[in-house]
Ligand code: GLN
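Quick setup: one chain, the form predicted on its own, written in structure tokens, and binding and motion questions come after.
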Amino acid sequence: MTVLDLVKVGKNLLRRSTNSWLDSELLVSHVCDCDRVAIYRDPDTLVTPRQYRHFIELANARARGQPVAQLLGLTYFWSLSFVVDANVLIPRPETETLIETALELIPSTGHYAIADLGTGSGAIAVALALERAQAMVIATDVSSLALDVAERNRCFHKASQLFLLRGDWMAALGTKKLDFIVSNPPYVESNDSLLQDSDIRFEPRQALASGKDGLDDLRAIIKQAPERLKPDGFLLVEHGYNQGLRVRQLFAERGFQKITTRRDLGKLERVTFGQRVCQ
């Protein structure tokens, strides 16, 4: 069997997937240690029995709904590659809106202190550390397994000014005051059928679900943030497409000013930020 034959086998196994051909190409590239272009440049390359067995195992897992990124152990975010596994949320394209908004607010030079709460794979923290090389970035997570993944990504990208701390939201920060706090916390409603019926069921539930209305963790972060921010510091959070109004209200209740919500590429409300302004 050739590599191109194997792609066709995978497409048939993954016929219920909306991206069956692409998923099959990615899995073939992974097991055969080649890029996708090589599949068509050298379509007659033979597949070994071991590669075939490995591919079938991965394709069957994908057919059951397991995300391709978990099967490959790798994903891309902000044009960077990141290690991922079942202990961390897979970074989504819409989260790049959080990075874009943060970079608009964080000056390109200057020694600023930034915290990324609930860092997971560390994708947000690494991206910010690389984009703002003079800043100190502190990333926290309650999960030691998630921090292990974040440490691998920190080392791979040589983000030397990024520090990882274990703790629930801001508990790990001690009394340190920050210029910017960013977070992509859980914001899915705990009874949302997606948690059982979609591919996200393979990702850690604690990184997804947050109470009956999906706002429990956002409430906690917004409540704690003013005491942890320096005067004129900013809090930026990602939230669900239908949560913008309530998140803005939570910001206002805690005295934030210049409250603004940004939309993602799908034109959905995705990121809200506000500034701690001292009177």
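The numbering used is simple: start at 1 and walk along the sequence shown. This structure is a prediction, so every number in the text was calculated from the model and none was measured.
What comes next is about the form predicted together with glutamine, which does not appear here.
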item: Partner-proximal stretch of 130 to 138, 181 to 189, 77 to 85, 152 to 160 relative to glutamine in the predicted bound form, 4.5 angstroms, heavy atom; value: 181 to 189
item: Contact residue in the predicted bound form, chosen from 173, 106, 200, 113 - any heavy atom within 4.5 Å of glutamine; value: 200
item: Candidate from 208, 99, 71, 164 lying within 4.5 Å of glutamine in the predicted bound form - any heavy atom; value: 208
item: Any non-hydrogen atom of residue 177 within 4.5 angstroms of glutamine in the predicted bound form; value: no
item: Residues within stretch 235 to 255 having a non-hydrogen atom within 4.5 Å of glutamine in the predicted bound form; value: 238
